[in-house]
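There is one chain below, alone, in C-alpha cells, taken in the form predicted alone.
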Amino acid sequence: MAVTNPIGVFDSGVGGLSVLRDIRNELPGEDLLYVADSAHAPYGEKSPEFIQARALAITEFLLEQQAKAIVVACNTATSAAAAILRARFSVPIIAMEPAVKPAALSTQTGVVGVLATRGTLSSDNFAKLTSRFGEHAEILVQPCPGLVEQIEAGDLSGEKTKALLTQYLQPLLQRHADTIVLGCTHYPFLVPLIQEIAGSKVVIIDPAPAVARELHRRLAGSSLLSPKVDGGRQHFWTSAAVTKTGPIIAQLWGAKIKVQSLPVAFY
C-alpha cells in the first residue's frame, strides 16, 4: 500500500463531512475520498443487515479507488458494521464512538445528554459505553428522528430544524445536563443552533477531532502517512441524485466542488 494513496471516508449521507473537515485540518497533505450514501440516509432507521451491506459495498468501492485506510464517519454504521469491515479487510478501519467518556468525566452537574439516532442508541456498543461510564454521571439519551433529514436538505437553521432541536434539547436541559454529546456526525453542523438554544454555558462534545487524531496515529504507526505537508485533494461521490445532493455537499464543505455519482454496481 503506497503512502501517497488516498484515505476513504463514508457516511449515510452528508454528516460525515464534519469528520472529513477535521481530517483535512489534521492531515492537510493527504488526498481524501468521500462517499455520501444519501440515497439510503438515514441509517439510524435501517436494519443492521442493510447497513452492513451498504458498508461493505462502499468500502469495496473506496478500496477500488486505492484507499489506504477507511474511516467509518457514521456512528450507526460503526455499531452495525465496523467489526465486519475489520474482519474482512486488511487496511486500517477507523470508526466513530459517541464521546460519552470525556463527557462523563468532565460534567460539573453530573448530567450528560446524548443526541443520536435510534440505531446508535439501541446498539450494543452504546450500551457498553453507558454501562462503563454511567457510574461517573447520569447519562440521558435522546433519539432525534427527523434531524438527519433536515441536515441532508441543507436546512441548518430554519424553523422546522429549530423546533425539532428545541424539542430534543429541552428534556435534557430541564434535568440540568451541562454537557451535550453529539452522537451523530450530522449534528456538528447544528452546533451554532444548539448553542443558541442551550446557552453558552452548555459544553458540546464532537468526537470528530479525536477520530482525526486516531487516524493520524494509525497511519503513522503503519508508515502510511503521506510525505506531503499540504495540498491534499478531495473527491466526492453520492448515491443520491448529484443535482440534489451535490449543492448540499458544497454548502457544508464550504467550497465549489465536483460531486460524482456512485457507480450503479455499488448501489
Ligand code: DGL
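Nothing here was measured: the structure is a model prediction, and the numbers come from that model. All residue numbers refer to positions in the sequence shown, first residue = 1.
Although not depicted, the form predicted together with D-glutamic acid (DGL) is the subject of the following passage.
S.K.: Name the stretch: of 100-108, 159-167, 185-193, 83-91, exactly one has residues whose heavy atoms fall within 4.5 Å of D-glutamic acid (DGL) in the predicted bound form.
M.R.: Every other range fails; the passing one is 185-193.
S.K.: May I ask you to state whether C74 is within 4.5 Å of D-glutamic acid (DGL) in the predicted bound form, using heavy atom distances?
M.R.: Heavy-atom contact with D-glutamic acid (DGL) at 4.5 Å: present for C74.
S.K.: Determine whether any heavy atom of G44 comes within 4.5 Å of a heavy atom of D-glutamic acid (DGL) in the predicted bound form, and answer yes or no.
M.R.: Contact with D-glutamic acid (DGL), yes.
S.K.: Does any heavy atom of T117 come within 4.5 Å of a heavy atom of D-glutamic acid (DGL) in the predicted bound form?
M.R.: Although D-glutamic acid (DGL) is absent here, T117 would touch it in the predicted bound form, with heavy atoms inside 4.5 Å.
S.K.: With the partner left out of view, is V148 within 4.5 angstroms of D-glutamic acid (DGL) in the predicted bound form by any non-hydrogen atom?
M.R.: Yes - in the predicted bound form, heavy atoms of V148 and D-glutamic acid (DGL) come within 4.5 Å of each other.
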